[in-house]
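Heads up, the chain below is alone and in the form predicted alone; it's given as structure tokens.
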């Protein structure tokens, strides 16, 4: 058993609602706080001196100077297993080139597919571990990672196997998702409907057989897969036993309704979601995941986060870290920028990147500091937790704990 502290401010996020708006006045702040952990789980939080007397035999991990502590972050949507670089795409887009022009010149998602297919397993693994390490040191201890740059049986399995290898080499929790339905590959001879059937018949059974992922995603968009075929695909994947999530409403509205209708854990993107669809989504248990990194990278509108919260929806925030549209990979920076444009309270942001994001991954054991929860938390060298969002990503964690142990 270990007692960690004292912290000048301990913000537990416990007892905050899973859905809807949250005022900053609802945040509970414990001054001179401490955390007792036991076998990787939180035993108790409270005043440090009180805990010291209550648990006299606990090993003490002394925290010196003025520091604050919050639950570690959950990045519930990333594409960080990839090869290659698309900096030229970003430059061309900023210079006014269209998506078609960029793709014709050798860029776009297909560029990442080719680089990822050509990369060796070891190269992909090392690149992935570097990106995981960056997220860890930014305070994200739970990270969802999608395939989707392979787009055939061998390459999709390669990506998911690499993610499984990375699980054994990092202390972060990795949540793999099969995104073979990212778009129809150029070298597939057949329709998009036939490609989705190929995924159902060939890729997903292999993924299931090797236990590489229990989540399936699809990109529903005019340039990817259409609503009717996507609805069929998602129901079939669900029948196979997969949890499902959806890339929804990024450029055109309507697909978030499909996510709700098929019982998806989350609908991610939502930049083009209509007011009617916001209400439909907010009345469900499907988590709305805003991806501000994509809006920043593409120069597109932000997800209507304020409207989703005011409609009593469940809002999470993730990086969408990928080589094309969202290369930043800094959750606090992206969330604080989203908060500025969408007028989100500090409490709403922290809920969105912790326990609400965990719900999008169907994980109920993390995201708050409370008895029985996973002892993952982040420590900042500051006297006021508001400084974290105020500095928009420039204030980095001074310590990150996983299962009650401080990372090197």
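Computed from a predicted model, the values in this text were never measured in an experiment. Positions refer to the first chain, counted from 1.
From this point on, the text means the form predicted together with N-(iminomethyl)-L-glutamic acid, which you will not see here.
Is there a heavy atom of residue 324 no more than 4.5 Å from a heavy atom of N-(iminomethyl)-L-glutamic acid in the model of the complex?
Yes.
Check residue 79 for me: does it contact N-(iminomethyl)-L-glutamic acid in the model of the complex (non-hydrogen atoms, 4.5 angstroms)?
Taking the distances in the model of the complex, the answer for residue 79 is yes, it comes within 4.5 Å of N-(iminomethyl)-L-glutamic acid.
Give a yes/no on whether residue 213 approaches N-(iminomethyl)-L-glutamic acid to within 4.5 Å in the model of the complex, heavy atoms considered.
Outside the cut-off, so no.
Heavy atom to heavy atom, is residue 250 within 4.5 Å of N-(iminomethyl)-L-glutamic acid in the model of the complex?
Yes - in the model of the complex, heavy atoms of residue 250 and N-(iminomethyl)-L-glutamic acid come within 4.5 Å of each other.
Using a 4.5 Å heavy atom cut-off, which of 71-79, 150-158, 236-244, 137-145 contacts N-(iminomethyl)-L-glutamic acid in the model of the complex?
Of the stretches listed, the one contacting the partner is 71-79.
Of these, 281, 166, 196, 109, which has a heavy atom no more than 4.5 Å from N-(iminomethyl)-L-glutamic acid in the model of the complex?
Flagged contact: 109.
Scan 218-235 and write down, in order along the chain, each residue with a heavy atom lying within 4.5 Å of N-(iminomethyl)-L-glutamic acid in the model of the complex.
Result: 219 alone.
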